[in-house]
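Same protein, same chain, two forms; see structure 1 and structure 2 below, as structure tokens.
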Structure 1
Amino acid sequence: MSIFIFGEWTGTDLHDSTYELLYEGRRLADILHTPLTVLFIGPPEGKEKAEELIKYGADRVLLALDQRLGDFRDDVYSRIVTQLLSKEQPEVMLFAATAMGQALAPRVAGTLRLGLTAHCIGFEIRPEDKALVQIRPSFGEDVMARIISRTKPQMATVRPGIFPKAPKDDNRTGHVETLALEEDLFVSALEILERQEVPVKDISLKKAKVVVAGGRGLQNKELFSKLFELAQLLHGAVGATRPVCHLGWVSEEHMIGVSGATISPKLYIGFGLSGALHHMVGLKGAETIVAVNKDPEAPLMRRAHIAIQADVREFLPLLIERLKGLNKK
């Protein structure tokens, strides 16, 4: 019996989510008194980084290395993972809910006819049978679902940013093994024609120290756009709720919550948003939460460290003007 996690290579480094999976995987492995294994698939230049995962909590690292694995092809990657899981029969297999993880995990689950719980935000071990309790917001996103798989390995994808990164311990030791890969594993229906770099934003929502976010209480796109002015004054980033993105006030890359980003700013200010469960999931790591809302009973107002009962249509422009005045002094 063992716990497996997938180590994701970005092309230049290990994805941050790999270290987050190591943190939670180590916790679960210690409860079950079982080894923690990382499966790394990628090019040979990723070997050194992957081997270091022992120091971050892994007991074993399995390396599937080949230059042809430098580009992610989900049919090739899933074939390698499927073959390994069939051989190793781990108790649990976890992937990050990144673009790669969301493409890979369903393919593996479908091939092996396994259950798969998506976008988990927490795990527990059921005492009576050691089953993995997989916790995620329900499809209505107003209650937390607790799911137990009937198949093994118990498979799940994990929301990035939910767990902290595993700490490094230079004294840890473990086993590193390079897998022998058969040539037929590399047969693919996909061909990489070209690569295009995605422009990096000045301030990433996930890395911002200050996030100002808006909900439907702002009532229109024009008032919502003032959040960008406020964010610039505070050297922060702009976030939004899902309904606001669906209304077209801002692009979905600004979405916080179950369907968007999980953030850990030092300061989060929410304007005119209720704080429904699917949004609050994304605020798990926020240090200080400020809420501005007319409704004192809104969930975010009750959760906030500082709750300001005010009409956001009046409060937001006044706050911006006040900050501009302070910057002039």
Structure 2
Amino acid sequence: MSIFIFGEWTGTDLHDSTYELLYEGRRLADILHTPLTVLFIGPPEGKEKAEELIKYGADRVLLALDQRLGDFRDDVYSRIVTQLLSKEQPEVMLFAATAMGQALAPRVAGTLRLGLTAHCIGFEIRPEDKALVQIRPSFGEDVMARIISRTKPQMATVRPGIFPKAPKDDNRTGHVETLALEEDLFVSALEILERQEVPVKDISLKKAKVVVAGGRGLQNKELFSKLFELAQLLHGAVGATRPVCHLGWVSEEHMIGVSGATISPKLYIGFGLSGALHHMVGLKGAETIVAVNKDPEAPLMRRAHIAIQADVREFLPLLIERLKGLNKK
């Protein structure tokens, strides 16, 4: 019995999500009284950082190190993971739902004929049989599903930004093993020719202290764009629900929720949006939630700290006017 997590190398450092996996992996390992192992695949320069993961909660770090592993080649990486899982047969294997995790986990699941639960936001251990219960938002508008896997290792990808990062403890000890890698593991159909950093469009949603978000209730692009004016007055950022991104009122970088960003502002105001679970998942860290909606029964109205029953068509322009008035004084 053991829990494995995947340690992801970004090219210069470990991905933040690896520390989040360590946090949740440690918690699960403690419940199951089982060791927590990190599998690290990367170039030799990642060795030191990977070894340090012991201090962040790992009992064991397995290192697959080679210069040729500096490039993420899907076929090579998945061959290494697959081979190791067949040999070690852990109970649980977790990946972060990053670009790399989403490329890798399903290749491994398909090859080993395993179940794989996508984008989990929570886990439980079922007391009677120690099964890993995997929690993710479900099809419906306001429901979560508990999912189990009949195959082992029980595999899941974990939504980045949901779990806190594991704390560092300099006194922790553990084992580091370097894996022997046979030459045929490196056979690949892929050759990386060039890599170019993309400037991440920073709309500061993730760091904003105030987020004003809008949904379909804002009726049209014109009214929605008023949110940018409001955000400016409050020194905040603009968020959106998925449907309004699809309607083209605003670009997808503004989306909050399972398919978008996870935010943790001091204040969140939702205008004309229902508060579907898919959206609410992204509000995990919001301190104060305000809802403005004409329907008192909308899920966000029930969830909000301050629920304001109003028509956004009147409320939003008036609010902006008032705030502008205050600024002038």
Partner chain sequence: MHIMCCLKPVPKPGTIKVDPQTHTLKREGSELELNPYDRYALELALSLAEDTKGTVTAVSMGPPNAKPILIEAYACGADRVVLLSDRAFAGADTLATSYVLARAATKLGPFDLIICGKVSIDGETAQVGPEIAAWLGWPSVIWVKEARVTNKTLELVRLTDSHLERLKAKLPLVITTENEINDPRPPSLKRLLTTLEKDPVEILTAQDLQAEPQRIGLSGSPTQVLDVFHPEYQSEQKFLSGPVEKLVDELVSVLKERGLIS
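As the structure is a computational prediction, the values presented were derived from the model and not from experiment. Rigid core (definition): largest C-alpha set, two forms, superposition within 1.5 Å. Residue indices: 1-based, along structure 1.
- Working note: structure 1 is the copy from the form predicted alone; the remaining copy is not.
- With the core held fixed, residue 213 shows a CA shift of 2 Å or greater between the two structures.
- Core-superposed comparison between the two structures: the C-alpha position of residue 222 differs by no less than 2 Å.
- When two forms of a protein are overlaid on their rigid core, residues whose CA moves 2 Å or more are considered shifted, and residue 64 is not one of them between the two structures.
- Once the rigid core is matched between the two structures, the CA atom of residue 315 is found 4.8 Å away.
- For residue 302, the displacement of the CA atom between the two structures, after superposition on the rigid core, amounts to 3.3 Å.
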